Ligand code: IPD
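Next up: a single chain in structure tokens, the form predicted alone.
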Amino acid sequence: MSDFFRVCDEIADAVTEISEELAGTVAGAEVVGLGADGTPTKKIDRVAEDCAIEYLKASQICSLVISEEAGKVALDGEHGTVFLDPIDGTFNATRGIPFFAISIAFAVGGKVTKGYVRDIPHGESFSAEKGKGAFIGEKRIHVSKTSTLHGCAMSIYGRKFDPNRIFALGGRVRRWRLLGASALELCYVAAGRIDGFIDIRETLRVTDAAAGMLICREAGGIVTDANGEELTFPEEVSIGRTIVATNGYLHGKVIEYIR
């Protein structure tokens, strides 16, 4: 195991302890400030982020952390950037819904090379290193082979003010789910549990998606923007993007309906 993944496991273990105390509580849902992404910071976010950044400082595995609440934090470690979402699926966490995660990605020169997502309530750890496949624990995972919309299950998010495109797609898939934690949903595509994750609200940030995108691609999936083009993110948590992630077999059909 590389130092990166060892540190990720340590961080995820510590954040899991925090979540056991704060998830589903009034205290955990308390608004304690405004995050760098422009959204309210809940106490569970702040405490988890502070914990994760302290571990990253001590590990010296990166020189910069870009996190959803704190924004950019310079560190004294080795060259490289960590994209951190300490609690992906905050609403679920604050309501006690057991579907939220911590997401950690490592990038050099703007390219993500390692990704890690821990499903906090269930203890599953998803990981990938560029060119080396995707895993749950030590078990290699692959996307599904579902090739028809009427036989697939997808997580689909659309714009509130323009639902027509997303409803056109949603009406053709067999099962439509809104699970509420994008990093984990990308990992579910990677593991073949769902066949696609689509979010065209233009709100997905680099901290939400960086790790999950790599894990999905390393499992054989395809990830693009809503036009089927290469998806890139600025290193700025206040800027959102659209995303279409599928098992590959369905990608062209999905793009056709939402373009």
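Numbering starts at 1 and follows the sequence shown. Predicted model only: the values in this text are computed from it and were never measured.
Not on display, but discussed next: the form predicted in complex with the named molecule.
Figure note: of the listed segments 86-94, 110-118, 148-156, 126-134, the one touching the named molecule in the predicted bound form, with heavy atoms no more than 4.5 Å away, is 86-94. Although the partner is absent here, residue 203 is a contact residue: one of its heavy atoms lies within 4.5 angstroms of the named molecule in the predicted bound form. When contacts are judged by a 4.5 Å heavy atom cut-off, residue 195 does not count as touching the named molecule in the predicted bound form. The closest heavy atom approach of residue 82 to the named molecule in the predicted bound form falls outside 4.5 Å.
Using a 4.5 angstroms limit between non-hydrogen atoms, residue 189 is distant from the named molecule in the predicted bound form. Along 52-77, a non-hydrogen atom within 4.5 Å of the named molecule in the predicted bound form is carried only by 68.
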